[in-house]
Structure formats: structure tokens, C-alpha cells
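Here you get one chain, nothing else, as C-alpha cells; it is the form predicted on its own.
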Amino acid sequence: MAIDDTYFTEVCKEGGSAFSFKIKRKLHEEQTPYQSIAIYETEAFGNLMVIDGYVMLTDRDNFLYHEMLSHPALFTHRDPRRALIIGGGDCGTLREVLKHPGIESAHQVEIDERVTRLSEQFFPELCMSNDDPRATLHFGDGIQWVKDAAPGSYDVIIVDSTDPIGPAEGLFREPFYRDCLNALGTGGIVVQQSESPLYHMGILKGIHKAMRSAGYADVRTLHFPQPVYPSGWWSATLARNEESVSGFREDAVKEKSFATRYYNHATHQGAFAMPTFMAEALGT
């Protein structure tokens, strides 16, 4: 089928593939000091955010990413109270974190304030918890924030970043993970979005190597569907400072007081099941 200017298309060169959305209109476009941001209204996926030509999120399927980046880590920790989100400017991950009644504080550090302000305008359902008294929004360098953090100041650190290019490149390196390790309290967990297992195994292997070299006791990757990202299959990688990532508060998941659309105790268990090629590549 021919693709014309009524479609937005993201080409994934490394995968030899592309994904297109039929669009109704462009809602907004601007160049910030950090990146270009465009917002489209699509025919089938609701609003679409694009940064530097790459799809960031849509109304239709963002719940998959936001739920799987946050809840597995939070339910693996024994008693998470202090959360830090690096990136996450659309605030969807923050919303999921604040669903947990035990969370006492959630700091979000996003380098580009315009991502958040445009999300408030075009994706308001993701920003519904921004005024929660437990939430604090900071706009600055997340790498420096973690470097400056007091030892043991967080229970869970969630790295909700873009691909490892430009400002996000340092978020995938050993020095950053070492600083996260220092900032985590006993039993602390860091979770990093870790790209497509099918297209980006080199990046995923690099994350595992860097986390292990930084001193974490255990590193595990979970995976989940994500239709609008390259290959339609995405992952997140968890590392724990003093014990295994295996095991989670299964009864707490079954009895949770809030709704989720994808995440539950069964998807938590299934997400950590390693396909053969992943297990071989990652040495798990």
C-alpha cells in the first residue's frame, strides 16, 4: 500500500522495517533547546508524540510501557516508599508510581520541561497525578541529579529514557548505574527501559554488562508487547543492589487497590520468562 503525506512513518534502519500511523492533522511542532517535538492526531491511535522523528507514545498503547516499567519493580521491592524517575517527562510512569499508596515521595527529573508541558496539554490523562502532594517535578540533568543524591536516598529508581543517543546516552553507562547503586537503600532496585530484544540485543547486552560491572547483585530483563516501538516488542531491565530480582509480592499484586490494564501477577511472572535466544545472549 502506498504511504503518502497523510501518514507519519518512523523508519527503523537497524531492523529494516518501518511503522506508519494514518494522521488526521498535526497539532503542534516546536524545537526546544534539546530536541524537536511534534504532536499528531491519528486516526486509530489517538494523539501521538514524536521526538526527533522517533515515536514516544500514543494514547492507545502507552499503558503497556508505563505499567511494565513501574509496577514490576515496585512490587519486587519489599516496601517501596521513595521513588525517583529519571526522564519520564510525559508523566505516565509517575502516574503509575503514585497509584501505590505506600509511596511517600516521587521525584521526577526530566531534562526538557517542554515534554511535560506539552503532555499536560495533549495527554492530560497521563498528567492527572502531577499535583499529588507526594510528587515533585524537577527539570534538569538526571545524570547529575543521581550523582548528587545522598547515599541510600531512594528505594526504586526508574529510568524512563529515550533511546541511548544525545542527552540520554549517559543513562546507559556504568558510571550512571554506579551512582544509582550509591543512591539506593537496602534492597533497592533500578529499572531501565532497555529497547527491543529483537532489534537491539547489543544495547541490551551492554546494559547487563554495565550494571554487573557497577556492582549489582542481580540483573534481569522483562519483556512486553509495545506495538508502536520498533519490532513491536520491548523490554525493561532491573538490577538489585543486595539480592535477587526473582520473587515479588504476589499477594499484594492480587490484592492491589488500583486498576491496571495490562499488569497483573501473571503478566509479571510471564514477563521474566526468557526466550531461548535472549537467555543465551544475556547469559541468564
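For every residue, the number given is its place in the sequence shown, counted from 1. Here the structure is a predicted model, which is why all the values come from computation and not from measurement.
Keep in mind that the form predicted together with a small molecule is missing from the display, and what follows is about it.
Residue in contact with the small molecule in the predicted bound form (any heavy atom within 4.5 Å), chosen from V253, L238, I51, L64: I51. With the partner removed from view, the residue among G152, G187, P167, G206 that has a non-hydrogen atom within 4.5 Å of the small molecule in the predicted bound form turns out to be P167. The shortest heavy atom separation between P197 and the small molecule in the predicted bound form exceeds 4.5 Å.
Although the partner is absent here, T76 lies well away from the small molecule in the predicted bound form, with no heavy atom inside 4.5 Å. Put simply, D160 is close to the small molecule in the predicted bound form: some heavy atom of it is within 4.5 Å.
When contacts are judged by a 4.5 Å heavy atom cut-off, E96 does not count as touching the small molecule in the predicted bound form. Of the candidate stretches 137-145, 179-187, 206-214, 123-131, only 137-145 contains residues with a heavy atom within 4.5 Å of the small molecule in the predicted bound form.
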